[in-house]
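Single chain ahead, written as structure tokens, the form predicted alone.
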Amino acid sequence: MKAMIVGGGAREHAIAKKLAEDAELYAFMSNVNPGIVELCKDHMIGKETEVDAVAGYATKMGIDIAFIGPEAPLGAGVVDALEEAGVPAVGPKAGAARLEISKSFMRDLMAEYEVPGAIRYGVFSDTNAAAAFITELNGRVAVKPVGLTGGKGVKVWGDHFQNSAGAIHYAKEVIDTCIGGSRSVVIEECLTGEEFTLQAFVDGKNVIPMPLVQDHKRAYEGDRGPNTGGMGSYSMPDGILPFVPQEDVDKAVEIMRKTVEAMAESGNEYKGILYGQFMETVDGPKVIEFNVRFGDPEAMNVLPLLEDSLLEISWQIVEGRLEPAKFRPKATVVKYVVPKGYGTDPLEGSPLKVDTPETTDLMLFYASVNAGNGFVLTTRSRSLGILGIADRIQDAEKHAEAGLSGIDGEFFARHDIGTMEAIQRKIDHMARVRKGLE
């Protein structure tokens, strides 16, 4: 069986490792990911959004099934192109990928089909109308470009601005300069609570949830500094998080099921991976956003715990016959190795020598690096994902730290991710929210 992965990041490396357990692997990626290349019989370097090139390579290699990693090629219609070429693919078609590609589409869908977990929002192309809505919400808003910005275009009250004037200024900037590719902006009420990620396999009707994960977007320890693509993440042995009760996990899963139903009713059948970014609030889980693929780093938390064959699950998704999936009851901690200055002015071209032996407790995933002679070179993006796995979160965190110690060179990592102190801060914060103290 020939399987192809599209994409060249750490998320795709995690997917590739699972697919390679049961398939002969091929890859189409925009960069040479040394971890993926090592797993592949053949690979091609090209622009992942050039969907005809992706489909052409797949047919040339006789690929039986493809798995799409990043959101950009999904939005460009790579699944449509592959299916037209006779290659089934895991991922939504372009119409369904709008669930992530267009934040206005997602909010409008939830409103039209009365999907629970929705929040107050507005989509504006007129700066005066946007300003009036921001003022109505006393400036306590999230300002989001409509299109993709690599997770770095959202600005939130309390972090990026402290009043209505700051929010209005950024909303005007988004509209005037077409941030995200559209001369419009989404304004949402600002939610108070703790974020969590719920990922699921979806075959158009069935939604099979995976363990909950919490990501850390901020560049610096203590959740300070600029937003990034994600500095690391953790999951717990029971598959939920200590500040999210089981009833709210069930509510989040139901929200995702209702969303998949709404997509089908709207004529946009959803198949692939659905990623729900939720805020746990005093009123239960609310939807921050949906993504149409695995998270990065969250894929690294869940896929190594998957006991079932990802290749078989991929066929179940394509053929609309998903069954429940099994995950090992283990804790995981991912810590990202990033170039110094990441988040502001990253140091590009810094050599890293990787001497981290992989074991059952420790795994390494290559992200955005260039190959050197016995080392890898940093780019301006994240470099390596280090995963620790154990029965207890404390031990998983220690394994991740041990993995970091095997990396030699100039780099930065957040050492607080997955520590009991950091997790307790999340628990305490949620307790204050529930008491109405924040």
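Keep in mind that this is a model prediction, so the values were computed, not measured. All residue numbers are counted from 1 along the displayed sequence.
Quick note: we don't show the form predicted in complex with a small molecule, though the next part is all about it.
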Requested in this report: Check each of 80, 308, 189, 248 and return the one that places a heavy atom within 4.5 angstroms of the small molecule in the predicted bound form.
Outcome: 189
Report task. Tell me, out of 279, 131, 347, 208, which residue has a non-hydrogen atom within 4.5 angstroms of the small molecule in the predicted bound form. Result -> 279
Query raised in the report: Any of the heavy atoms of residue 364 lying within 4.5 Å of the small molecule in the predicted bound form?
Result: no
Query - the small molecule contact in the predicted bound form: residue 119, any heavy atom under 4.5 Å - result: yes
Query raised in the report: At the 4.5 Å heavy atom threshold, is residue 217 in contact with the small molecule in the predicted bound form?
Result: yes
Query raised in the report: So in the predicted bound form, does any heavy atom of residue 195 sit within 4.5 Å of the small molecule?
Result: yes
Requested in this report: Would you point out which of 251-259, 316-324, 265-273, 141-149 contains residues with a non-hydrogen atom within 4.5 Å of the small molecule in the predicted bound form?
Outcome: 141-149
